[in-house]
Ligand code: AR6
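Here's a solo chain for you in structure tokens, the form predicted alone.
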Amino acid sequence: MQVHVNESILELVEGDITQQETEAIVNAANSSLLGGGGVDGAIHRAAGPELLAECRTLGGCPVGEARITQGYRLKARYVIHAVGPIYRGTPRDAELLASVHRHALKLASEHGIASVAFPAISTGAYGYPMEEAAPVALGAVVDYLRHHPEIRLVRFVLFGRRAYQIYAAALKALVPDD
């Protein structure tokens, strides 16, 4: 599924984020930035040990923010490590989830990156219900793209049919005319 936000494209695909050929992929990282399970572990394994070595130099990252590294053995030139919130069922969860998407895109803008692939941040081990996370994440990205035409493509790479369907429904509700 694909929609246009001004001159930019926002698309949803089902697949493996480590295989994306965007300039940057976003890692659903923990605050240590030193690897973990799920998407984080898969990205670290695919990128190779150099990624962990660079992450060790960053000193971690607060929840709701992001840091950037090289992509090493990935097809993507960069990895943007985004630390989403652990779901607690409070309004702060949505604030932090929106913030982490904005921070990741701001880093992309600052580094001249025109194409970025995101996973469904915080919806795995961090327990954020996908039905709640999707409109927050997509809303933050749509808002950013409306003011930042330098980002030409944002792709959400979703793991499994259910995730794709939830994000597609949220995107249709958010951008109904496309």
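Note that residue numbering follows the sequence shown and begins at 1. Computed from a prediction, not measured in an experiment: that's the story for all the values here.
Not pictured, yet referred to below: the form predicted together with this ligand.
In the predicted complex, none of the heavy atoms of P129 sits within 4.5 Å of a heavy atom of this ligand. Put simply, D16 is close to this ligand in the predicted complex: some heavy atom of it is within 4.5 Å. Taking the partner from the other structure, this ligand in the predicted complex has no heavy atom within 4.5 Å of any heavy atom of I113.
For the chain shown alone, L58 is not a contact residue for this ligand in the predicted complex, no non-hydrogen atom being within 4.5 angstroms. Taken together, the three residues G35, A42 and F159 all come within 4.5 Å of this ligand in the predicted complex, as judged by their closest heavy atom. Partner contact region in the predicted complex: 114-122, out of 63-71, 147-155, 49-57, 114-122, criterion any non-hydrogen atom within 4.5 Å of this ligand.
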